[in-house]
Structure formats: C-alpha cells, structure tokens
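This document opens with one chain alone, in structure tokens, the form predicted on its own.
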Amino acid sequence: MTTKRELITELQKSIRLWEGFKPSPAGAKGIPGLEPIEAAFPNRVLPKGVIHEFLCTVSENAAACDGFLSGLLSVLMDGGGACLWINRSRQTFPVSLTMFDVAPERIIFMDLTKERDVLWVMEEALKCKGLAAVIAELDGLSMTESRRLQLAAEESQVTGFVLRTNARNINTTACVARWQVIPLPSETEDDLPGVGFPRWQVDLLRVRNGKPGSWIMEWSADRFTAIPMEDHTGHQRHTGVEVPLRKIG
C-alpha cells in the first residue's frame, strides 16, 4: 500500500518536472567540491538545462562571478560542446579561463551593445543543443523574457547563465536560482607571502523549491572546496548558513 509520505514524494517529483527540474541521467556527474551548495537544490544536484541568474552589480562581484562560472563551465563542458559568452562590457580575460581548466578556444565570445540583441541571441543560442552553456550579460530581465529563456533551456537542456548588471532592475523572474558571488581575500599556506587560490562568498539568494544559503568556496587543484568557518577566521561566516528569502525576486 502506498503511504501518505510516498504519495507526497511522487507529487513533489511531478511538480518539479512541470517546473523544469528533470532528474539527472544515470551516471551524470555533479560538480566536484560543490556538494554543499548542490544539496540546497530540490534534486541535490545543480540544475542543468535551466536558467540561473547572477547579480553582478559592481565590477568586483562581476570578476568574482566570472571566476566561479568558469569553475562550473569546466564540468559542464567536460562532455563536449562549446559555450557562447555574450558580453556588453567585455571584462572577461580569456587566458584566465585556463586557470579553471577551460580551454578559451572552446568559448565563443560575442560583443553586443543593444539589450534586445543580447536577449534574442541568447534565446536562439539556448535552442542549439550542441552548446554546453550560454552566458549573457544583461541590465534587466522581465518575467516574460525570463520565461522565454527558461522554456528554450528546458527544451534543449542547454544551461543558461544571466549576469544581471543593474541593481535598479532586479525584479522577479522565472529563473530557477538567483546567485551572488563576492570576492574574498585569498590565504596562503603557513602565512607565506604571495597570492593564494581564488576564494569567494557564494550566496544562493533564491532557489525554486530549494533552500537558500551562504557558503565560502575556493578553487584549487581543479575543483571547488568548501571552506569551514574555523579555517576562515578573517570572515566570521559559516559554510551553509541559511539566508532569508528576499522580496526582490
């Protein structure tokens, strides 16, 4: 006999499918080292074939976001395919992608000036199943526009990332998750002089049917690493601290 709990579980699975969360295929890999953050999503894995939005309203956060996204691309592009990166400001330094094990020659950079052109190109690119991911820099994104992008991503299973650059235009969208990446000072071993590995505060501000939170992440040895609080005495933050839902989206 099916229990009440089993009925609820099956209903939740059906709702997730309607919302674009498709179960990962057998043998699909997660993001190495990103397990604490992936646990915040409904299927305990970073949703692919959906739209994620990142708040990059200041240049420092935009640079940090580029680094964190490059780490994600190293896994998303591992199975083949190229990535289309649509810029309006072109702050990304292609050679730096090699630090995250991403070959710059597999990234198609496109510079556009008009917002409507960026939206059109992104939607059309999301329909191309040969791409591993599409990244676009946008000032604003309406609910209708985000729904069109989300539907295109769900159909092709190409993952889309929208970089929101204007704080005044942060509104409710149909994107599956809203992120914010803030740069943190790196730390060297044994207090040796120099520069350590890239380190960020990663905030999952909103996630559909998931659990928002805040984590300290580092990129080293070709993978992410979650930094526990006791190893990060300069910034009194916990790994996986839950943050309240915000009314902005």
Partner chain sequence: MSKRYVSLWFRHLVADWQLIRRPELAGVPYVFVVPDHGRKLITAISPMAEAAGIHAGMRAADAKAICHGLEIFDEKPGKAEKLLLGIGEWCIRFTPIVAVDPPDGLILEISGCTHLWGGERPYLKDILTKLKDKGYTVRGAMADTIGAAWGIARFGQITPIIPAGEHIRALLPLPPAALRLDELTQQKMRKLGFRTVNSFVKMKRSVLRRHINDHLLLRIDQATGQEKEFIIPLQVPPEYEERLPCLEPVITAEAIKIAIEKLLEALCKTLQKDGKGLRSATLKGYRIDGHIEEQKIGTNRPSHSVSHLFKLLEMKVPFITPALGIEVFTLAATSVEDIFTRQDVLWAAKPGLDDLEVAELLDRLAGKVGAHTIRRYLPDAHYWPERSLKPARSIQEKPAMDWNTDQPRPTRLLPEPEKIEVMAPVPDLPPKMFVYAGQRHEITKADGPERIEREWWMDEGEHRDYYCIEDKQGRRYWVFRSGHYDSESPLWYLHGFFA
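Being a predicted model, the structure only gives us computed values, none of them experimental. Positions refer to the first chain, counted from 1.
We do not show the form predicted together with the partner chain, though everything after this point is about it.
Close approach of residue 140 to the partner chain in the predicted complex, 4.5 Å, heavy atom
No, residue 140 sits far enough from the partner chain in the predicted complex that none of its heavy atoms falls within 4.5 Å.
So in the predicted complex, does any heavy atom of residue 62 sit within 4.5 Å of the partner chain?
Yes, contact at 4.5 Å.
Taking the partner chain as it sits in the predicted complex, is residue 179 near enough to touch it, meaning that at least one heavy atom pair lies within 4.5 angstroms?
Because no heavy atom of residue 179 falls inside 4.5 Å of the partner chain in the predicted complex, the answer is no.
Could you confirm whether residue 52 comes within 4.5 Å of the partner chain in the predicted complex, counting heavy atoms only?
Answer no; every heavy atom of residue 52 is more than 4.5 Å from the partner chain in the predicted complex.
Please tell me which of 107, 73, 152, 174 lies within 4.5 Å of the partner chain in the predicted complex, judged by heavy atoms.
For this set of options, the contacting one is 107.
Quick check for you: of 186 to 194, 30 to 38, 43 to 51, 208 to 216, which stretch puts a non-hydrogen atom within 4.5 Å of the partner chain in the predicted complex?
Stretch 186 to 194 is the one.
In the predicted complex, does every one of 84, 91 and 125 come within 4.5 Å of the partner chain, counting any heavy atom?
The answer is yes; 84, 91 and 125 each reach the partner chain.
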